[in-house]
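A single chain comes next, written as structure tokens; it is the form predicted on its own.
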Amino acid sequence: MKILFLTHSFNSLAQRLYVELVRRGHEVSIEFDINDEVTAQAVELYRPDLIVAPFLKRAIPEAVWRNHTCFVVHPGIVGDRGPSALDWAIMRDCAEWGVTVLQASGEMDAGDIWAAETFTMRLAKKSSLYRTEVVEAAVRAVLIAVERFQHGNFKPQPLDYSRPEVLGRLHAPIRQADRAIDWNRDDTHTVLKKIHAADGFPGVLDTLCGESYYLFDACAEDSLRGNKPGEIIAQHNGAICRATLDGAVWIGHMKRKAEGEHTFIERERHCRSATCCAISLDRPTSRAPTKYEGSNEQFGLKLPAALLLGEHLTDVPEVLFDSFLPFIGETYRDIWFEQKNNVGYLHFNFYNGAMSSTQCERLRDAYLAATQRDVRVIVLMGGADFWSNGIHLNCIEAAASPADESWRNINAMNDLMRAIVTTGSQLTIAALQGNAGAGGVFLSLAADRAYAREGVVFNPHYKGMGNLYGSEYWTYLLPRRVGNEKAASLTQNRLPVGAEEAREIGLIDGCFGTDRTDFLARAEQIAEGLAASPDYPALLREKVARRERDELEKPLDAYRAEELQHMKLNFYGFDPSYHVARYNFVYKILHAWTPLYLARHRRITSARA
């Protein structure tokens, strides 16, 4: 079938659904939800059999849903209606939640139901629940709904609140007043769930050091305690620890709120106004946003909490944790090491998978220390939600010179990569629990073997970030995995790759595990088997010999120098595309058109013209 995605952005859910539907033989084209006229034009150009809306923030135009079957993917149980569905589920401590695929109609979230799936909730960030439980449930539900639509003999079920199994209800939009933390009354669990329910967007508005900030990225602290709830009692690697009524919590990231800041709805209205985009047959055009049209003061920038507070933390002690010592309980850790028998597991759980210069340097130090341990295999674990997404664009944007910080960050990433590639004392495995993008994909290829959870999505390209060329030794690592022709295709097409396809083309060595627990158990089994294998000495010798042969053919330094020549032009050259794209990304500037590599219906039209 021809399926048109109508979506606010090509987010993790939209990418995963794209991968699954294309793999099943469907032709999928994507249109960003710019305005009603653009949507109507996309439908006219593509003439889809079915429209799927995986991620929308407003209603589908009536002219579209009246004439086409439109599936809306709602992150709520049957009967749940209204925005902030997952937010409310976390705030209300729901034990179970779900995803419903319903048909667009005149009432928001009230259309006939094509499929629904449920999942068990856990105390976690909204962004983490969305990327794991919600995505998996949505994939199951959408595939069922699409199959039912294809067969043509299924009658969707009208929403009927009189049925006892319909537990969802209409709820009001969640407000900052609903999320507000009362540090003198809220216990640790309450503080955590309020911040978790706002993680990703919009954050919990709070006051610190006399200024207003949005709080993100919270976790519990089991040992540290303070005298006054809300006070900052410690800091560690960019995070701050605040006392609660019965304990303490870590806040990893914050965003400053400035006076006169536009509300989200006001920004949506402004960015989608007629002055922002006009229609053409090829694509909507837009005046390009400049740095002066949306400043840090207006929109804010999500950054490590300690980086934002700066001098306010002069008297706040820095807590040091030994990443190589066993730890029982909860605290803020972004890098830690575990050893089981002859296998070492190096975890690096960076928020949103972004790796700043400092984090790359710290991870390299930890990796080199791991190579000195009595282990035969080192497993690079990444984080639970992301393996890695490469350099830290937010920290780069916040730097005094974004170009200089870009250069520092990519070189720090390269130093880490080189340490892994040149390891001759152990075999290495990359175990991808979560998605990987840009330089993060090539970080996984630095290991001798790479395995991914079945639901993982790869984006092995840079071009979407202002035609960025990329480094991280990708010109060495990618072709040796997939060949030159496929390497060119992956980096130029800019489309996501599912774990099964990644295995088939040789990007990774295997994919398994429907959930994280299954995947980790299998990965550990593989690592233990490799460490205990009688072939281990021969495998290690062959690894060292191959690296020596590759070095003679072309030194690693040559790959790096060639890549960095391109990167220098991206960072310091006359073309500002990278800097504009980075700015638009970190400040969440709304799309003015859908890129042609996603909108195949517009590519076809352009080719005919």
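This one's a predicted model, so the numbers in the text were calculated from it and none came from an experiment. One rule holds for the numbers: they count along the sequence shown, beginning at 1.
The discussion below concerns the form predicted in complex with a small molecule, not included here.
What is the one choice in Ala354, Leu303, Leu309, Met381 with a heavy atom within 4.5 Å of the small molecule in the model of the complex? It is Ala354 that has a heavy atom within 4.5 Å of the partner.
Single option in Gln426, Gln103, Asn459, Thr132 placed near the small molecule in the model of the complex, where near means a heavy atom within 4.5 Å: Only one option qualifies, and that one is Asn459.
Hey, of 417-425, 152-160, 361-369, 435-443, which bit sits against the small molecule in the model of the complex at 4.5 Å between non-hydrogen atoms? Selected stretch: 435-443.
Give a yes/no on whether Lys588 approaches the small molecule to within 4.5 Å in the model of the complex, heavy atoms considered. So Lys588 counts as contacting the small molecule.
I'd like to check something about Glu221: if you look in the model of the complex, is any of its heavy atoms closer than or equal to 4.5 Å to a heavy atom of the small molecule? It does not: once the small molecule is placed as it appears in the model of the complex, Glu221 has no heavy atom within 4.5 Å of it.
Can you tell me whether Glu472 touches the small molecule? I mean in the model of the complex, with a 4.5 angstroms heavy atom cut-off. Yes, Glu472 sits close enough to the small molecule in the model of the complex that at least one of its heavy atoms falls within 4.5 Å.
Please determine whether Asn389 contacts the small molecule in the model of the complex, using a 4.5 Å cut-off between heavy atoms. Asn389: contacts the small molecule in the model of the complex.
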